[in-house]
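Just one chain follows, in the form predicted alone, and it is written as structure tokens.
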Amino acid sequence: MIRYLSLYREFLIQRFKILMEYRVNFIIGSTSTIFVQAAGLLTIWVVMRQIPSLNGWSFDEVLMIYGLVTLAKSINHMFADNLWTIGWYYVRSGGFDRFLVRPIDPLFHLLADRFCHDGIGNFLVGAALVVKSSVSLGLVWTPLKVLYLVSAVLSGGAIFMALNLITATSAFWLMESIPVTQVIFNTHEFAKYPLSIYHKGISLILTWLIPYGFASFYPASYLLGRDVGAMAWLGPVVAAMLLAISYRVWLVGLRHYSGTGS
């Protein structure tokens, strides 16, 4: 573990050296997602101007949900965005072969190969929304709640990574995995709102099948003092199980990988 942490640090240093060669591009890339998020927030604002309460959830409470899922997504965006490129950038070109001839885990090498600075903007937006919501609602932050917030964000990020890994592994069979990953990834848009406003079937899907609810609705409910029972504490368990499953899927895909021959 220490060896891999040290290696990741070296990868990260080299990545930032590359990014700093074009500092204006780095700044633009880091902040561009803020404007993308602004469009989504504007949609929520317009909707809730007409409907001040979504099944008992106020605008600021919805911002807490939105902020948490954005923070979780930012973790995935910064540290695992390379999963999107497996098919067209590595498998199709034959570049994936170099991960197999080096004395480190191929998945680690893939993830460490590229830190995506675009995710910094998402992180800033998510943090700002949580702070804004907390201030507006007068939330009192105890040490336990701060630890819970950190755990919820990391667990949510792990859930995003695991789901992306499962779908991205399809590149070993389909070559082009982006459409598969996109279909599952885009369902997180539903998790930006309270799951209680949806049909029970959608709520179940976002809880047990594609569990983005543990990155947004359930931790937000706990922080806001809403009773969701044990569901508020299952995020790390769900994340750990999903990571284990995704890694097994990855290993199966890896066994089916064959070079392009070019």
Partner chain sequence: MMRRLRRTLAIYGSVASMTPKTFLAYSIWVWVEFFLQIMAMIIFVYFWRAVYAGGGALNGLSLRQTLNYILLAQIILPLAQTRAVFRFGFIIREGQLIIELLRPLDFQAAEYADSIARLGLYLLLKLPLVVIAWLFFGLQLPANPAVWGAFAVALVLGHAVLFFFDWAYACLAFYTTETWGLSVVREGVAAFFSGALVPLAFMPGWLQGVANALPFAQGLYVPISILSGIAPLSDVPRLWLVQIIWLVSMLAASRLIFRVAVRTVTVQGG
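Please read these numbers as outputs of a predicted model, since none were measured by experiment. In this text, rigid core is short for the largest set of C-alphas that superpose within 1.5 Å between two forms. Residue numbers count along the first chain shown, from 1.
This protein has a second form, the form predicted together with the partner chain, left out of what is shown; the following refers to that one.
J.: Can you work out which of V131, V150, V183, L137 has a heavy atom no more than 4.5 Å from the partner chain in the predicted complex?
T.: Flagged contact: V183.
J.: Going by a heavy atom distance of 4.5 Å, is Y193 a contact of the partner chain in the predicted complex?
T.: Y193: contacts the partner chain in the predicted complex.
J.: Please tell me whether any heavy atom belonging to I178 falls inside 4.5 Å of a heavy atom of the partner chain, as the geometry stands in the predicted complex.
T.: Judged by the heavy-atom cut-off of 4.5 Å, I178 is in contact with the partner chain in the predicted complex.
J.: Even though the partner isn't displayed, in the predicted complex is Y198 close enough to the partner chain, meaning a heavy atom within 4.5 Å?
T.: Output for Y198 is yes: heavy atoms within 4.5 Å of the partner chain.
J.: Taking heavy atoms only, is W208 within 4.5 angstroms of the partner chain in the predicted complex?
T.: Result no; W208 lies far from the partner chain in the predicted complex.
J.: Could you run down 81 to 114 and flag each residue that has a heavy atom within 4.5 Å of the partner chain in the predicted complex?
T.: Contacts from 81 to 114: none.
J.: When you overlay the rigid core, is the Cα of K200 off by 2 Å or more between the shown form and the other one?
T.: Comparing forms between the shown form and the other one, the K200 CA shifts below 2 Å.
J.: Once the core is superposed between the shown form and the other one, does I51 show a C-alpha displacement of at least 2 Å?
T.: After core superposition, the C-alpha of I51 moves 2 Å or more between the shown form and the other one.
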